[in-house]
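A lone chain, given as structure tokens: the form predicted alone.
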Amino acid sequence: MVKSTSKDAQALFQSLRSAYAATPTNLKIIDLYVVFSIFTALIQVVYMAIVGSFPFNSFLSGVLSCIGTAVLAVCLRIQVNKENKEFKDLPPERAFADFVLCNLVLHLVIMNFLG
């Protein structure tokens, strides 16, 4: 039973890997940006756990900025993906402009929250 489970896991990993290899480069770049943003938020949480959270607004602003940016990047990835039928008529330039505008609003709110 253990061998079949490990073989199933390896087959699943191989199928995911081969499917992701067919992903366009622009979507892979967006994926890397999302991973970087989440990783930065995790580093901030670990730093807060080790050092402390004296200016809690600063910690909260940094983490929310990273998570908000990651969410907006996922929305951009959904809109730019050619296989998504909901956003077929939306040009990628418009999706990127929406991403930039929403990031601007997000970071203005974050800067206001800092005080």
Partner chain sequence: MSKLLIFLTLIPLLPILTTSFSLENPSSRRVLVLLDDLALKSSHSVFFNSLQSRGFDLDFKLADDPKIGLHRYGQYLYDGLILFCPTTERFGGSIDLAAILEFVDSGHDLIIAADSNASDLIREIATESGVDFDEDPAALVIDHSSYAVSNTEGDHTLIASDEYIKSDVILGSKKIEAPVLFQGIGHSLNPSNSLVLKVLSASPSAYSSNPKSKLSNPPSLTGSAISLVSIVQARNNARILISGSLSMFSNRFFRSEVQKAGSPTKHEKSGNEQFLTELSKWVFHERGHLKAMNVRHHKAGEADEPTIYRVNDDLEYSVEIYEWSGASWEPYVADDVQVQFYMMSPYVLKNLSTDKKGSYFTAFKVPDVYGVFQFKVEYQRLGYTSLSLSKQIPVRPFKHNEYERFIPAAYPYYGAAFSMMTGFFIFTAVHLYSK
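Remember, it's a predicted structure, so these values are computed and weren't measured experimentally. Residue numbers count along the first chain shown, from 1.
Here the subject shifts to the form predicted in complex with its partner chain, a form of this protein not shown in this document.
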Open item on the list: Check Arg94 for me: does it contact its partner chain in the predicted complex (non-hydrogen atoms, 4.5 angstroms)?
Closed with: no
Next on the checklist: in the predicted complex, is there a heavy atom of its partner chain that lies within 4.5 Å of any heavy atom of Tyr33, even though the partner is absent here?
Outcome noted: yes
inquiry  = Contact with its partner chain in the predicted complex for Ser65, defined as at least one heavy atom pair within 4.5 Å: yes or no?
reply    = yes
- Query: Can any non-hydrogen atom of Asn81 be found within 4.5 angstroms of its partner chain in the predicted complex?
  - Reply: no
The one residue among Leu90, Ile29, Cys75, Leu42 placing a heavy atom within 4.5 Å of its partner chain in the predicted complex is Ile29
Taking its partner chain in the predicted complex and a 4.5 Å non-hydrogen atom cutoff, the residues of 36-59 making contact are Phe36, Ser37, Thr40, Gln44, Tyr47, Met48, Gly52, Phe54, Pro55, Ser58, Phe59
